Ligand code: NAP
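Just the one chain here, the form predicted on its own, laid out as structure tokens.
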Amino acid sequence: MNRPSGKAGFAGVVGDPVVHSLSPRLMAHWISICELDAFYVPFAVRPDGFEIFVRGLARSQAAGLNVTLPHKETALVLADTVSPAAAAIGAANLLTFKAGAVHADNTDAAGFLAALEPANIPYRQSTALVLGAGGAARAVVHALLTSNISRLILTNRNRDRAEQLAADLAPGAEIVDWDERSDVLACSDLVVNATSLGLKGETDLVMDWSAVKTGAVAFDSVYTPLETGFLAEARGAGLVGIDGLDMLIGQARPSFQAFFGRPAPERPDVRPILVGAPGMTA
């Protein structure tokens, strides 16, 4: 691996916490393959310091930032310009800098659909249950609506946030109370965990899978650990389980292009590099 010079371009990922993020490992792998004079680093920033951090970094030689929990909605608000995708979703996972200005974009929706491709879900005939109402959930809902999902059900620990998500993006969506989330599994073809539950340091997302629909798909946006309790129990109940790693890779490709001005390498496959990271399990 080449050592970056004093002229190196750089980017990073910002969150609170950010220690779980595999983005630095992923981006470093691609940077090395492309032999770029660049580097990519994680930044742990509390919500009360987020805006001043971003504004300061935008005045440096940084190319931009990937944004993770809990900053995605704030990232959109502070941006000087916003892409149509980020505006529609109401959250940003990608900030790019130019002459001190901040541009917000969202690549999470595209990453989510890329991760689901192998499942070949017939969206027009399907019902989706989305758990969560934050930035990740907003991207998932946007992706499902643009895929013409037949029926959308939303639930969140704070019902008001689920109702706000529906009002903003999906007025036709159904809302169920968090305590009743398992009651709609019998009619759900796709079940999406878009919360932080199951992330290292968080408790698992518990569901009663006893009445689950045959042939349903469970997707978890969490990827550390790779096999969450949510996914393990869903697979044990006979569902097709998809972890969040392919969503991470899918959303990172356009970020790499935006930061470093060239496409992310297609080969070699980066997934084995990420699965081999400390603390990860296949």
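It should be emphasised that the depicted structure is a prediction, and the values quoted were computed from it without experimental measurement. Numbers for residues come from their place in the sequence shown, where the first is 1.
One more form of this protein, predicted together with the ligand, exists but is not displayed; see below.
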> Quick one: is Arg161 in contact with the ligand in the model of the complex, heavy atoms, 4.5 Å cut-off?
Replying inline: yes
>> With a cut-off of 4.5 Å between heavy atoms, is Thr195 one of the residues that contacts the ligand in the model of the complex?
In response: yes
> Quick one: is Gly134 in contact with the ligand in the model of the complex, heavy atoms, 4.5 Å cut-off?
Replying inline: yes
>> I'd like to check something about Gly64: if you look in the model of the complex, is any of its heavy atoms closer than or equal to 4.5 Å to a heavy atom of the ligand?
In response: no
> Residues in which of 55 to 63, 230 to 238, 243 to 251, 27 to 35 have heavy atoms within 4.5 Å of the ligand in the model of the complex?
Replying inline: 243 to 251
> Taking the ligand in the model of the complex as the reference, which of Ala166, Leu199, Ile121, Ala79 has a non-hydrogen atom within 4.5 Å?
Replying inline: Leu199
>> With the partner left out here, which residues of 220 to 235 have a non-hydrogen atom within 4.5 Å of the ligand in the model of the complex?
In response: Ser221, Val222, Tyr223
